[in-house]
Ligand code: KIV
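Let's start with one chain on its own, the form predicted on its own, as structure tokens.
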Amino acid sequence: MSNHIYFFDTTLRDGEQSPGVNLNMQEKLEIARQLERLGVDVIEAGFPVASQGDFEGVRAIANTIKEPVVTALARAVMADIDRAWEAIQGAQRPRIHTFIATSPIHMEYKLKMKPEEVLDQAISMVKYARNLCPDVEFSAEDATRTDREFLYRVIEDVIEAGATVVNIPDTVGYCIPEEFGSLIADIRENVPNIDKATISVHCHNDLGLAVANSLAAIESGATQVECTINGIGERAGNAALEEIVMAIKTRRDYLSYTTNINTEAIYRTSMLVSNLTAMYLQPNKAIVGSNAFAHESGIHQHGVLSHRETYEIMTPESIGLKQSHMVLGKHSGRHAFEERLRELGYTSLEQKEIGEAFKKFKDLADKKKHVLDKDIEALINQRAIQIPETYELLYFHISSGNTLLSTSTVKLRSGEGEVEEAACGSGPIDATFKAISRAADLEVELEDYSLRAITSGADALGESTVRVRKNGNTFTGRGISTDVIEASAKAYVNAINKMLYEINS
């Protein structure tokens, strides 16, 4: 068995299927570039047949990314496969990923097909895909609830038809580790031509066992794991890439495998995905949560101060979480700012981007005595969501109190000039959102609103996330400011601008 494990990242496909997540083209490209820096082996860029936007996103990633394989998902249907190939054919290393369900419940109730029909469809579509692309992955959807003998037949026949990778998904997160590891071992033993294909696994986290199941599969001979950053995905999500990687790195005494992952890029990748998807991490999230390297207990603090390894099995630096001893403020110069960016892992920024970020840093430093690392990260991540602005927030004015009806006056600028409107609401945020909608002459449904402090203290930088819905589509906006109402207003305008950009593109 090979001791090298390949990482197939599906953040941009399965991860984007998380409820409420809707990434635009720039955001998808930003994440794809960071995944390339992280060192993933395969990027699943999307499901091209799902929409024109998804198709364009996959094609842009395929034409941009150089090192990883770029793959697109397709049902075992000719039209899907044609669309996937059209999207990825410009990639330096393209792969078509096609799938069909093989479990009795899926075949009977979803596909309404007999097992032999499913087998024939799988074989013919793998052959069709292989005639287009030299690298074809086949997934037996709901493999863990599939009859074993039928699963062996399907895998053997699709390999014979040209599949280079066979994926065994635990689609509904049903398995426990011993059971899943045994399944992979049985496949290796009962499929005669299994040595001609890579065995991949794709584990969902419905029972909280996705990472454990993936590791069990690796121990049984799987050499590709499919996962997402921060474990995002449908329902309870997927196996978290950072957890599998750091388990392998930290427990080399037990898991003697190699990977191509640059672990020092983990933290930055995690924060970028968290910010752009607005799926913020719980503090106790393994590896990348804000409490992952925090110690409050006196006994733990004493132990860590005496010898770090008493309570830390890995270092913050090993995932790219640098500890800064440099305090930045309004008197800090560009050189110090650039050095801090480099320490935080932002080594690929162009001088123009650094200049724009430095200007925002100086503006923030005028409002805060000290600018912290998380403030800087927020400023840098904010640039990734910039799109052509249909509307720009010029100012807002609030009148509010616990005995007053809240009113808000806003002024927006667009290509057609400036417009000022006022509205009343149940609070200052509600009034501001209504005034912005009136000024933009738009009716949208506010689906979700959240506000969080990026750092602590009375002068903390606040980050607002707004989700609006129009014609069944959801658009997410973000805004940051030391003023929470300004952050909220910026987020609402950003969501509207994203909506208009997508409609007009």
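Keep in mind it's a predicted model, so treat the numbers as computed, not measured. In case it trips you up, residue 1 is the first one in the sequence shown, and so on.
The next section is about a form of this same protein that is not shown, the form predicted in complex with the named molecule.
Trainee: Choose one stretch from 407 to 415, 313 to 321, 286 to 294, 162 to 170: the one whose residues place a heavy atom within 4.5 angstroms of the named molecule in the predicted complex.
Mentor: Going through the listed ranges, the match is 162 to 170.
Trainee: Can you pick out, from S139, T432, T102, N230, the residue that has a heavy atom within 4.5 Å of the named molecule in the predicted complex?
Mentor: Of the candidates S139, T432, T102, N230, S139 is the one lying within 4.5 Å of the named molecule in the predicted complex.
Trainee: Whether R95 contacts the named molecule in the predicted complex should be assessed with a 4.5 Å heavy atom distance threshold; does it?
Mentor: No - in the predicted complex, heavy atoms of R95 and the named molecule never come within 4.5 Å of each other.
Trainee: Would you please decide whether D14 lies within 4.5 angstroms of the named molecule in the predicted complex, comparing each non-hydrogen atom pair?
Mentor: Contact with the named molecule, yes.
Trainee: According to a 4.5 angstroms non-hydrogen atom cut-off, is L73 in contact with the named molecule in the predicted complex?
Mentor: Result yes; L73 sits at the interface with the named molecule in the predicted complex.
Trainee: Within 4.5 Å of the named molecule in the predicted complex, which residues of 183 to 209 have a heavy atom? Give them in sequence order, or say none.
Mentor: Counting only heavy atoms within 4.5 Å of the named molecule in the predicted complex, the contacting residues of 183 to 209 are H202, H204.
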